[in-house]
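Encoded as structure tokens, the following chain is the form predicted on its own, with no partner shown.
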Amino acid sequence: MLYQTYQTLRYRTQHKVMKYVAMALPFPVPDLLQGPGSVRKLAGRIQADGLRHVLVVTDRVLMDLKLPQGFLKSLDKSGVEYTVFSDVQPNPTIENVEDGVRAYRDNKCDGIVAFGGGSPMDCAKVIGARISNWLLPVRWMKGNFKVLLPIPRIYAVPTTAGTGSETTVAAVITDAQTHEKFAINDLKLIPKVAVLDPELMVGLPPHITSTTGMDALTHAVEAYIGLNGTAFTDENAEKATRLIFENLEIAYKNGKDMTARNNMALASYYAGTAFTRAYIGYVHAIAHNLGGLYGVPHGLANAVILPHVLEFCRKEAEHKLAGLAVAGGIGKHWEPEEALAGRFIEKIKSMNKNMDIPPGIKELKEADIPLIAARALNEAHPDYPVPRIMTLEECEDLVARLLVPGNGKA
């Protein structure tokens, strides 16, 4: 008990220091190209910036769907050469990054366009970090502020409304040998330009729409209920929550609804703006390790885990959860906070159910729970300013609730 008290005090001291540091840091804000058709303006911006040859980082699924073709043609018209690197895996690995670095150098590129979901954007950021910091191995840059030199200019074109990576300091990479996911966080990783074009998201399958949307909601919630929020991050988290509550299920049911798609793109951006300054929490820590160990899609893992973590810290986060319920339009400020907090958690559960998101993780094996819990807490402590500190036993118990009957045995 004494040791646990000491640990909690140590973590809280670091959280307070991190909050003041984050408030003082000069977070760059990407130039924003926003609205239907905005991706068609990007080639002109790249040309105006003086770039001659860009590396377009994407994945094979998007190439097969020919989604980047319009943008690539606009580069041709603008006289900007390009090399496409489309080998990014759903959970990008260190090897992915090194392959991208070789493509950049071999073709004498002078800038990077990240075109896709969170995986291409994360991979593109770390490719940029390795290009400029060629003596630093990817693993060495794990953690905070270890990207020593400025990276090549990055333009981010998200094709999902979820990660918010187009405005964040973070990139998440997987070590394929250990199956461990880890984050690299640095101001230098924030893209120079972000393109929010809902036309690129119209063809997303419903299950991608739902899980990436819940990823954005998780960003907003964890930033809001954590201890390092500010008026600025709270405002962005509240805007994101309202937009997601009002538009996600519409976009899930009708992917061609341009208004819903546009609002979800904005929600993802707002949520990213919030969490990159106020941090995340246990939902992400556990989800990262499910992704690293089993390849579980990040948004799906977040959606499944989120209500469990909120139940765990419900008492400590009650005031903030009540605030999000009001911001999300599902309650009034004069209602009891306990009722509002409960309604917010139930709203998340109902959204998951309405969008056919399963209640558990089918890949999870009971024998792996101690490893997942230990790695999750190692990631979360002491960096994530969570409302309630979780012990190893509590984390193992929470992860065990994600088991799917019949699929949990090794």
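Please read all numbers here as calculations on a predicted model, not as lab measurements. Quick note: we count residues from 1 along the sequence shown, nothing fancier.
There is also a form predicted together with a small molecule; it is not shown, and the following applies to it.
Wondering, does residue 91 line up within 4.5 Å of the small molecule in the predicted bound form on heavy atoms? Flag for residue 91 set to yes.
I'd like to know if residue 59 sits close to the small molecule in the predicted bound form, meaning any non-hydrogen atom pair within 4.5 angstroms. Yes, residue 59 is a contact residue.
Evaluate residue 67 for contact with the small molecule in the predicted bound form, applying a 4.5 angstroms cut-off between non-hydrogen atoms, and reply yes or no. Yes.
Using the partner position in the predicted bound form, report whether residue 120 sits within 4.5 Å of the small molecule, counting heavy atoms only. Output for residue 120 is yes: heavy atoms within 4.5 Å of the small molecule.
In terms of non-hydrogen atoms within 4.5 angstroms, which of the given stretches 207-215, 76-84, 327-335, 222-230 touches the small molecule in the predicted bound form? That would be 207-215.
So which of 201, 301, 156, 309 reaches within 4.5 angstroms of the small molecule in the predicted bound form, heavy atom to heavy atom? Selected option: 201.
Here the chain is shown alone; which of 96, 165, 289, 273 has a heavy atom within 4.5 Å of the small molecule in the predicted bound form? So the residue touching the small molecule in the predicted bound form, by this definition, is 165.
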